[in-house]
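As structure tokens, one chain now follows by itself in the form predicted alone.
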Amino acid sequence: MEIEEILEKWSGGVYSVSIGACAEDGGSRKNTVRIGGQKSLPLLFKEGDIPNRPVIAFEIWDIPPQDWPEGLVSSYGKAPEDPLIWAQMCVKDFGARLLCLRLQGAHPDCGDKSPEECARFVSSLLEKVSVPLIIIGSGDDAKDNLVMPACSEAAKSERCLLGCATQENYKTLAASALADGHSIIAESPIDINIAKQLNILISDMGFALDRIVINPTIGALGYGLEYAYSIMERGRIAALSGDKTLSSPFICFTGQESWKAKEAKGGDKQGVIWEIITASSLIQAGADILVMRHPEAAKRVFGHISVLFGGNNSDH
């Protein structure tokens, strides 16, 4: 007797977001990265189209990392001492197609770089590497409100992804990204209702919903991963059910959260495994961008993505 295959039919989908602009789009990037576009839950290819694979973005800082474990920093040799060389290494040696720049040097406790200094660094980085950029502030709201508009203007026409906008501090970043043609990261504290409300607030400023990427503020393995997974799953089901305010792709700062765990700091090998397992779990939850730190972890997760997706699509 033949068993009928039960497939879910969804009325909605996830918006597709493009990062980076090539010459024909008015930018200078050699490639673009497209995320989102799903019409199905993660990896259920028979239920709906999944046009784009999850993408790995290598995280770099504008200063040498101050709170990374020594084994993590040394995986790049001496490159982190010069962030521009570090960025080039990620692209040339590790095959990065997307970089996530964290402007940590702008933080008042980490150098207090001026907006002009940060903007010059962004311009230099765009000259040194040809891949698309995610640009993240230092985490100090007052300083980021000065720095991010300058960096947004420095990267104008390059269609970057800027972050992170929060419910308490979104207007300045949203206005800059809107004026300069970038997309935006909306950050919510593992709360689906806040994620929805923030998307509404940003869209009320004239920002198209298909230019917003949600940062659900994930936890790493052993530190809230299950809760983050369930929030992402609820958001994705809402999107597929037709809720356009939750139909944004997800970005997960996997490396940042993984290397906070005391277990990850227990040894270089263990830290790499911690980041790999966290990233692999989030792929199942629907992550579209995984911001990773250790090159070996990124390599292993890229291989895992290739196995999972096989010949279902060609992008990564």
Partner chain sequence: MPLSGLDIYKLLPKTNCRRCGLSTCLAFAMQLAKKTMSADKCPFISEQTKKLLEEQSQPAIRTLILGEGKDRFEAGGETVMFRHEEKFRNPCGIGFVIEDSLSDEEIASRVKKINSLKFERVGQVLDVNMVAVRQNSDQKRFVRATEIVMDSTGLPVVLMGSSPASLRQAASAASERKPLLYCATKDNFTQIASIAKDFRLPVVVSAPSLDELSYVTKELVSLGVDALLLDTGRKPLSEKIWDATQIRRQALKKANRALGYPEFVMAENDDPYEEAAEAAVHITKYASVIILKGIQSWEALSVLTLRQNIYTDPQKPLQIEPRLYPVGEAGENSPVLVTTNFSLTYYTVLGEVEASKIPSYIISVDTEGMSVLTAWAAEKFTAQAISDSLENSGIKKMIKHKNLIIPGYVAVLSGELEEKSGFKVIVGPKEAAGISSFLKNLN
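Numbering follows the first chain given and starts at 1. Quantities reported herein were computed from a predicted structural model and do not represent experimental measurements.
We do not show the form predicted in complex with the partner chain, though everything after this point is about it.
Colleague: Name the stretch, out of 198-206, 218-226, 174-182, 118-126, where some heavy atom lies within 4.5 Å of the partner chain in the model of the complex.
Modeller: Flagged stretch: 218-226.
Colleague: Can you confirm whether Ala23, Ser28 and Val73, the three residues that make up this candidate site, all sit within 4.5 Å of the partner chain in the model of the complex, judged by heavy atoms?
Modeller: No, the whole trio is out of contact, none within 4.5 Å by any heavy atom.
Colleague: According to a 4.5 angstroms non-hydrogen atom cut-off, is Ile63 in contact with the partner chain in the model of the complex?
Modeller: Contact with the partner chain, no.
Colleague: Would Ile237 count as touching the partner chain in the model of the complex under a 4.5 Å heavy atom rule?
Modeller: Yes, Ile237 lies within 4.5 Å of the partner chain in the model of the complex.
Colleague: Would you check, heavy atoms only and a 4.5 Å threshold, whether Ile276 touches the partner chain in the model of the complex?
Modeller: Although the partner chain is absent here, Ile276 would touch it in the model of the complex, with heavy atoms inside 4.5 Å.
Colleague: Can any non-hydrogen atom of Glu233 be found within 4.5 angstroms of the partner chain in the model of the complex?
Modeller: Yes - in the model of the complex, heavy atoms of Glu233 and the partner chain come within 4.5 Å of each other.
Colleague: Would you mind checking 269-289 for residues with a heavy atom within 4.5 Å of the partner chain in the model of the complex?
Modeller: Stretch hits, in order: Lys269, Gln270, Val272, Ile273, Trp274, Ile276, Ile277, Ser280, Ser281, Gln284.
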